[in-house]
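Heads up, the chain below is alone and in the form predicted on its own; it's given as structure tokens.
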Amino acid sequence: MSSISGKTTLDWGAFAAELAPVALISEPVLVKKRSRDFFWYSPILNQKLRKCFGDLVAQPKTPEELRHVLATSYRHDAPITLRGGGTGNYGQSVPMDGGLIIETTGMNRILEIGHGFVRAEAGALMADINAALKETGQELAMFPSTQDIATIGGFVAGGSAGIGSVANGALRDPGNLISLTAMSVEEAPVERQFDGPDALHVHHAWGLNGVITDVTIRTVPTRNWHGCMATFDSYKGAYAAGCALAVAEDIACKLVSTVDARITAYFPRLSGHIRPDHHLLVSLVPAEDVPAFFALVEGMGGHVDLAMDDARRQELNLPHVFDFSYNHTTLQVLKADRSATYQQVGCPIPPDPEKVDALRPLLGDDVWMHHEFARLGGEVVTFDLPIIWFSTPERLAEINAIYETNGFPVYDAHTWRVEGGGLKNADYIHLAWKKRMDPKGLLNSPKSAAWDTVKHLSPEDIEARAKT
């Protein structure tokens, strides 16, 4: 079997035979499908990554099968790209050098549920974990809006926050990511367990510095959540109400999002349920706190359009409210018009409705705000995931500059390098662990701009760079 990607010289037919009895996908159309994630949210990434494909897909179902796949790859110097549910937005699971894609969704067992934690294999779906937890009176402290297809390993490798972060913080906050196990890519792959703060050595490294095999993550008591939506005459009013809601002592929200009225026109399933041409506040509120939610919204000039438990939601045939938050909001728009894109923007701390309101006219009519509320280190923060009507890279750069000049840092969503986006700089602790766990640099190394500058160094020398 020849190379589909055109970037490798391995005899992929012989390589596939060596991987037996592991399940494989070699049909070019299916391999190419699994070489994609949601990078097409960005027209810039779509241009750069749409022709990047792997050569073969392996689907191990056990750690023993995974170990066999990694040892074989090491022996043949085969490039490796890890893939969970493929929900990343930056091309995390796109093979830059062709080679082998390892799809982890077959390793999907929930291994242990205890008080305040769940341990699951990397390929377990977040929705399946939440369903199992519900039977014990618990739920994940946070989960992505893509929980139906997102895996826990992919969330830890590429995610940072989600539904629940306004109450429980980001994944990297102490106590949320309890531990993880990762396998090395060596002649005889070994598993290492990373506990507590050490788990951050592998977290958010896009699978470049070890193959996550299982994750232990925080759980919290489940609540009778009501999906609530309120509308406001101004975006400033919606954002101010979000700020008040995020810190309200009598309302224990799991989600707070605000959405520009122009974006809500792309939510056809909400037609007739929310006031048109009004700015939207989206929240998950415990049943006992719904009266306080009404009082807060109405006291700040808003109108509660929906407050529904899950039975009522199903009766109305509506999606979960978190389908209108995080990058699901972007997806709702892209379903109708592929000329849209988005960006990731930090906001002044503490959140300031006046500064957000002053920024809006500076951005222009091609930028529609959408804010998510979260806690970082216990402090309430917001970040903007605006809809941007893409015209040219130059205009996007201009929009980024307007944000930055006015004190709103941009974490570029249009780069495929791990040092771009939220990280911005090389993480030498991550790269030192890459050298330990992946000494040949087979794990999709092109995703790191810094790897080639340090790959000849020892892990200790790489770590020393972190101090300088």
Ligand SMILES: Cc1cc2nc3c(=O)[nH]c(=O)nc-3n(C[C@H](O)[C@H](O)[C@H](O)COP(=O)(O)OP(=O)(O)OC[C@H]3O[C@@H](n4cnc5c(N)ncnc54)[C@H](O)[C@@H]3O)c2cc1C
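Keep in mind it's a predicted model, so treat the numbers as computed, not measured. The first residue of the shown sequence is 1; numbering continues from there.
One more form of this protein should be noted, the form predicted in complex with the ligand, which is absent from this view; the next part is about it.
Among the residues 158, 164, 227, 79, the one placing a heavy atom within 4.5 Å of the ligand in the model of the complex is 158. Exactly one listed residue, out of 321, 150, 140, 241, brings a non-hydrogen atom to within 4.5 Å of the ligand in the model of the complex: 150. With the partner left out here, the ligand still marks one of 228-236, 290-298, 210-218, 389-397 in the model of the complex; by a 4.5 Å heavy atom cut-off that stretch is 210-218.
The ligand in the model of the complex is approached by residue 86, whose closest heavy atom lies within 4.5 angstroms of it. Residue contact with the ligand in the model of the complex: residue 93 places a heavy atom within 4.5 Å of it. For the chain shown alone, residue 331 is a contact residue for the ligand in the model of the complex, at least one non-hydrogen atom being within 4.5 angstroms.
Put simply, residue 104 is close to the ligand in the model of the complex: some heavy atom of it is within 4.5 Å. Relative to the ligand in the model of the complex, residues 12, 60 and 73 are all farther than 4.5 Å at every heavy atom.
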